[in-house]
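Have a look below at one chain only, the form predicted alone, in structure tokens format.
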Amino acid sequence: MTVAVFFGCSFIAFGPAFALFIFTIARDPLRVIILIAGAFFWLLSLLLSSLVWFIAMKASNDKDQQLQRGLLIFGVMFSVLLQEVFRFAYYKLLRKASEGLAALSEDERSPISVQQMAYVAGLGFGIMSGAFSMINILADSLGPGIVGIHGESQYYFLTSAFMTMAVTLLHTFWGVVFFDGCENRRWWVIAVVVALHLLVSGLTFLNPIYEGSLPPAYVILVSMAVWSFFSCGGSLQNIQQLLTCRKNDAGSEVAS
């Protein structure tokens, strides 16, 4: 049973991100490089925030439980803010790189658009964030032990997997919207992304009341997916054309 939980939770948490990588990134070396660099920038933010939290923990009274919880909340919020700072720094770096690639190109156009860079960079942030969130949980899922034997929730591994999947995809959508805000100098967009990131991270403190953390996170996920679609130039007409093409393909298959 533990092996089934391990693989099931792994596929839930990383299946969508892995599919996006295989079908949209893996065949393009430039996109792979941007993805890896994005994951590296997220790691740098984690390193700095962990260092600050570690110093705060050592400088405080470890027997004061209320203080320790306050430091944990501070560490999470500080980590979120630092991640967004590094996302902005990565945007600046990619913007310079895009200008350099355009200068080297014969038609003076970059081989990758800002929207594509935003998508790939956001997925890099999300994959690395999900990996660090889920790797220890997956290791524990292999046993020994049974979740819930002392009255705790039996859905700990499952809900953790779904939350990891949500955060991974949210980082992708946040990256798209964040870069769009930077491109058009709409700072309120950046502020909304940061606020939603703080909100989703704060929802995890409601656990093990998963009804209060998981559904709101998925509502935000759907909202950000729609927002990122339209910020990339998508429209209702595009969706109608997609559905029309599918109907025409299905009709031609039936006719043949």
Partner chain sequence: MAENLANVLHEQLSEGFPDTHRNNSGEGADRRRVVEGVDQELNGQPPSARPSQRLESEEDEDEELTLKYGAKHVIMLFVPVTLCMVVVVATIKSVSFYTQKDGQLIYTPFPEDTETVGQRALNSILNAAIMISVIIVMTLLLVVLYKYRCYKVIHGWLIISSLLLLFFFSFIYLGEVFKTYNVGMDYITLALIIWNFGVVGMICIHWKGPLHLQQAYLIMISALMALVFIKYLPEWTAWLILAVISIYDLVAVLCPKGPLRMLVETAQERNEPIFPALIYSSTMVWLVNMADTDAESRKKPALNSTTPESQAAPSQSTQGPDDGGFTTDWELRQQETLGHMESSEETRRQVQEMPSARPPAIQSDDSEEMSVSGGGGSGLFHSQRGKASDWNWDWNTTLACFVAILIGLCLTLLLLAIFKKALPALPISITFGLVFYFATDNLVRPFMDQLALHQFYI
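Please read these numbers as outputs of a predicted model, since none were measured by experiment. Residue numbers count along the first chain shown, from 1.
Keep in mind the form predicted together with the partner chain is missing from the figure; the text below concerns it.
Just one of S110, Q83, Q116, T172 comes within 4.5 Å of the partner chain in the predicted complex, counting any heavy atom, and that one is Q83.
Out of the listed residues V189, I220, L67, L44, L44 is the one that sits within 4.5 Å of the partner chain in the predicted complex by at least one heavy atom. The partner chain in the predicted complex comes within 4.5 Å of a heavy atom belonging to I33. At the 4.5 Å threshold, heavy atoms of L51 reach the partner chain in the predicted complex. The partner chain in the predicted complex is not approached by S98, whose heavy atoms all lie more than 4.5 angstroms from it. In the predicted complex, the partner chain sits within 4.5 Å of a heavy atom of M128. Taking the partner chain as it sits in the predicted complex, the stretch 195-224 comes within 4.5 angstroms of it through a non-hydrogen atom at H197, S201, T204, F205, N207, Y210.
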